[in-house]
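Before any questions on how it binds or moves, here is one chain, the form predicted on its own, in structure tokens.
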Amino acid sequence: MHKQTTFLANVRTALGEAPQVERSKSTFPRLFAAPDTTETLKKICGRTVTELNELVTIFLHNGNMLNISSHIAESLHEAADVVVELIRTKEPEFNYVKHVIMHDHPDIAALELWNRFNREAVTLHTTFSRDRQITDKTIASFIGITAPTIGVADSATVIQLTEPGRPRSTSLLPSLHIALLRRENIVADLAEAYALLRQKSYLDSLVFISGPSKTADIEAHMVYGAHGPRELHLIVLAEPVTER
């Protein structure tokens, strides 16, 4: 603690401030002032369907370079078809049982996946906040399904907020991550994403995901899945709407 105090005092001296005067919101209002995001938010809310489709195109193009497998669905039924096909065709890496963990989210619930595997050996789990077995179910699952809050076209990033019933482990532990993202939740860049995030009254933690886990630490060979999912499948839900 003494070293930290001394370090901060040296920084204040270097900045021409009194060594023992700590910065606060009252004494340095401009330093702590939040940026004005009014125009940015107005731009986001005022986008037409055509402009949103352009952002989708940019996102998919940039995502392709990051090894993101992208799918566009015009309805929840089409999105469910994509998810079902992935579950049926992909095989678990470490066992023979297919477990799938899903966030407690209305869009994912609307897929009604429980109705698609009546006669197949597929076990579906939902991350209900009061379920004390979430950790064990997540470890057993080879696919995790989430509904990210924001998508960033410029960097092909999905932003997953940690909330009750929506732990970050769902997008980090399973071998395959399926992200269901609504078209209207895609923004142009990180500046717009942060403007939306500043509106949240409480943020526990965030996960910024740009493609599957990858590393080239060993002899500069690219390896996927070393520190997380080896595949990221993005489903953009672009339901037909009237041009606004």
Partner chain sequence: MSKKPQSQYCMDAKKSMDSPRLQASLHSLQNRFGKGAMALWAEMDDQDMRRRVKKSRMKNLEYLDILLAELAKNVRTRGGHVHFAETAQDAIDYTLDVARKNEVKRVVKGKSMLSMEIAIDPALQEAGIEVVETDLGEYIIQLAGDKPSHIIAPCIHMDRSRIGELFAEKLGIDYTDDPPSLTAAARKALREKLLSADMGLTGCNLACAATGHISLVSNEGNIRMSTTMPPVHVALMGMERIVATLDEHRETVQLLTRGAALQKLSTYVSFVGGPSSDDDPDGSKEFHLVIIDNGRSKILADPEFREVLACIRCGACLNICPVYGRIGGHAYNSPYCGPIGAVVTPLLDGINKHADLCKGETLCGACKDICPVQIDLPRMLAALRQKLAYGSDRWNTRQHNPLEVYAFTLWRLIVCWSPLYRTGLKIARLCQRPFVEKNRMIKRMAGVASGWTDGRDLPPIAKKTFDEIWQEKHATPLPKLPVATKEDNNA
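Residue numbers count along the first chain shown, from 1. In this text, all values refer to a predicted model and were calculated from it rather than measured experimentally. C-alpha atoms forming the largest set that superposes within 1.5 Å between two forms make up the rigid core.
In what follows, reference is made to the form predicted in complex with the partner chain, a form of this protein that is not presented.
S.K.: Does the partner chain get within 4.5 angstroms of any non-hydrogen atom of H77 in the model of the complex?
M.R.: H77: no contact with the partner chain in the model of the complex.
S.K.: Residue-level contact is defined here as any heavy atom of the residue lying within 4.5 Å of the partner chain in the model of the complex; does E120 satisfy this criterion?
M.R.: Contact check for E120: no, nothing within 4.5 Å of the partner chain in the model of the complex.
S.K.: Is there a heavy atom of D217 lying 4.5 Å or less from a heavy atom of the partner chain in the model of the complex?
M.R.: Yes, D217 sits close enough to the partner chain in the model of the complex that at least one of its heavy atoms falls within 4.5 Å.
S.K.: Does any part of E39 reach within 4.5 Å of the partner chain in the model of the complex? Heavy atoms only, please.
M.R.: It does not: once the partner chain is placed as it appears in the model of the complex, E39 has no heavy atom within 4.5 Å of it.
S.K.: The partner chain is absent from this chain, but in the model of the complex, do P92, R116 and V241 each have a non-hydrogen atom within 4.5 Å of it?
M.R.: Looking in the model of the complex, the three residues P92, R116 and V241 all stay beyond 4.5 Å of the partner chain (heavy atoms).
S.K.: State the residue from N185, S69, N62, N53 whose non-hydrogen atoms include one within 4.5 Å of the partner chain in the model of the complex.
M.R.: Filtering the options by heavy-atom distance leaves N62.
S.K.: What residues in 137-163 sit within 4.5 Å of the partner chain in the model of the complex, counting heavy atoms only?
M.R.: Stretch hits, in order: I139, D154, S155, T157, T162, E163.
S.K.: Rigid core fitted, is the C-alpha displacement of H61 between this form and the one not shown 2 Å or more?
M.R.: No, shifts by less than 2 Å.
S.K.: Is there a C-alpha shift of 2 Å or more at K42 between this form and the one not shown once the rigid core is superposed?
M.R.: Superposed on the core, K42 moves its C-alpha less than 2 Å between this form and the one not shown.
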